[in-house]
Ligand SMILES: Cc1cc2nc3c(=O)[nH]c(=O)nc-3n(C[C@H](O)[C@H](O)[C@H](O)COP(=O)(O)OP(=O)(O)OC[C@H]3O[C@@H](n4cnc5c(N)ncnc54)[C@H](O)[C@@H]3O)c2cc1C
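Consider the single chain below, provided in structure tokens and representing the form predicted on its own.
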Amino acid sequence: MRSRRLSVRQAARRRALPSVLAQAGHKYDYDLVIIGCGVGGHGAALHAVESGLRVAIIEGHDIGGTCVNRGCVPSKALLAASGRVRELQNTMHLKSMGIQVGSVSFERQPIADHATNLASTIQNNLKRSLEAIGVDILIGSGKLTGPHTIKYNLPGRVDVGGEVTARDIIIATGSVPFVPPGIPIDGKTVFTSDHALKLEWVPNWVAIIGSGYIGLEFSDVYTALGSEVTFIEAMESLMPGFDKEIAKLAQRILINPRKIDYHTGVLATKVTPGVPGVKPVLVELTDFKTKQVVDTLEVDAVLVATGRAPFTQGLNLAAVGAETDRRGFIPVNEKMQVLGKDGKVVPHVYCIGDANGKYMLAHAASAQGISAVENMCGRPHELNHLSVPAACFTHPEVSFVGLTEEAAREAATAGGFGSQVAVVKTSFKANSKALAEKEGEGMAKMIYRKDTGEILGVHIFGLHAADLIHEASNAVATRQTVNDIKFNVHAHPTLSEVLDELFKGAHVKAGKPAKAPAAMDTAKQPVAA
């Protein structure tokens, strides 16, 4: 609360700034105004200031947005704490290294506080980093009133708000949890990740609707803290967005040995909230294909982890001749420029992050923001979304960049080079550092073109996979081939040698690479995760 009061006072002092800039001869109050201060808006602001622009950010909720306050940052705190509990309770693993421990217990509230405190710390860090370089933080919800004009205010507040003008505008309003029809959220027994991050209680049995990133990470947290978990997945297999081979191995290690069961090919068509410790939650399961009710579950709680929906209401896009698509996303081109109702570019208006639906990850939003600033500064730039890495922070972790093997073969067939797709794999069991940690479970695989050496995708499941993926993602981003990176030197003994072996195990045809279009240029781009 103290941080919010400070922000309001600063905003009040700065309300006179636009008029000062106008008196100084500037056509607009700012060169750039960003609506939304999540990771994407923050990254765009930093790059804009570095590019010499006068910048303001309008934020009506929390600096840092979803990731910092209700997403990837606090969830990592829960995963870190629960991961320690799991590790200390694995007596066989510790005994194999000569370590013996007594009874292991945990306190729920300090774990929850760790997540809350981490979010608060990062939020304050972001705020200070913006203030230090002269970015004005305007408190309120932004609304377009014209091609260069934005109004902002807070409902019920007369002391906060105003109107500013800018040469360029970036919309970075993020997303909210998507809740399917028929699922009432009470925040206690039926809840989204926003509620789960508060860790107000640890249910004995929790059903998780959806087995993507969010569902997998929370299954890791809950099972480590003693809960039983049931996955409810609409697709025919768990982890439907992952490479099938990686998903199969991950299921064998992350799901099968733990207190987790699952129902696939079904929808949770009706959920009746309960009362914690008194009345169970009823979950009606309907077959995805036949639409017939096949079962009813009684559980202590239900976590809805069915993805996220764009938060784009109230922006008044009509003021610039634009509108959202049927799912609520704001259409943009590859330069992040907003497209109007007629499909043409809306001058000086950009949209980044979850609001445009291209790739709903925080670091993708930041990269899009940087790309948008490059374009508004006259330096043409297009982000290759297939070079953006993704990670799931389970124990062990999953990470990837580029195409799955299935998608790569499909793209190759469509592009006429199906016979040129090759796959190379390596295991963590051959890595000295992983064996020293007694963490040899895992694998890495690379999909590439054996005629040109183009890297189509890299997937890792194992110890610190989320940290290892960046050598591969940077190679994809800079269009390095297998032959470019296979001569890189890796310190020994380190986990990075897993990738070293992977690269060296690839075989590209001798001779000059064929002049063929890069598969990454024609492959389908990532969408909402």
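Every value quoted in this text rests on a predicted model; they were computed, and no experiment measured them. In this text, residue numbers run from 1 along the sequence as written.
Omitted from view is the form predicted together with this ligand, to which the following refers.
Does Asp62 make contact with this ligand in the predicted complex, using a 4.5 Å heavy atom cut-off?
Asp62: contacts this ligand in the predicted complex.
May I ask you to check whether Gly140 falls inside a 4.5 Å heavy atom distance of this ligand in the predicted complex?
Although this ligand is absent here, Gly140 would touch it in the predicted complex, with heavy atoms inside 4.5 Å.
In the predicted complex, is there a heavy atom of this ligand that lies within 4.5 Å of any heavy atom of Gly462, even though the partner is absent here?
No, Gly462 is distant from the partner.
Using the partner position in the predicted complex, report whether Cys72 sits within 4.5 Å of this ligand, counting heavy atoms only.
Contact check for Cys72: yes, within 4.5 Å of this ligand in the predicted complex.
For the chain shown here without its partner, which stretch in 337-345, 165-173, 319-327, 431-439 has non-hydrogen atoms within 4.5 angstroms of this ligand in the predicted complex?
Only one stretch passes the 4.5 Å heavy-atom test: 165-173.
Note which of Leu199, Ile260, Met360, Ala77 lies within 4.5 Å of this ligand in the predicted complex, where distance is taken over heavy atoms; exactly one does.
None of the other options qualify; the answer is Met360.
Among the candidate residues Ala472, Cys37, Ala48, Val33, which is the single one with a non-hydrogen atom no more than 4.5 Å from this ligand in the predicted complex?
Exactly one listed residue reaches within 4.5 Å, namely Cys37.
On the criterion of a non-hydrogen atom at 4.5 angstroms or closer, are Cys67, Ala365 and Phe393 all touching this ligand in the predicted complex?
Looking in the predicted complex, the three residues Cys67, Ala365 and Phe393 all sit within 4.5 Å of this ligand (heavy atoms).
In sequence order, which positions of 297-311 have a non-hydrogen atom within 4.5 Å of this ligand in the predicted complex?
Contacts from 297-311: Arg308, Phe311.
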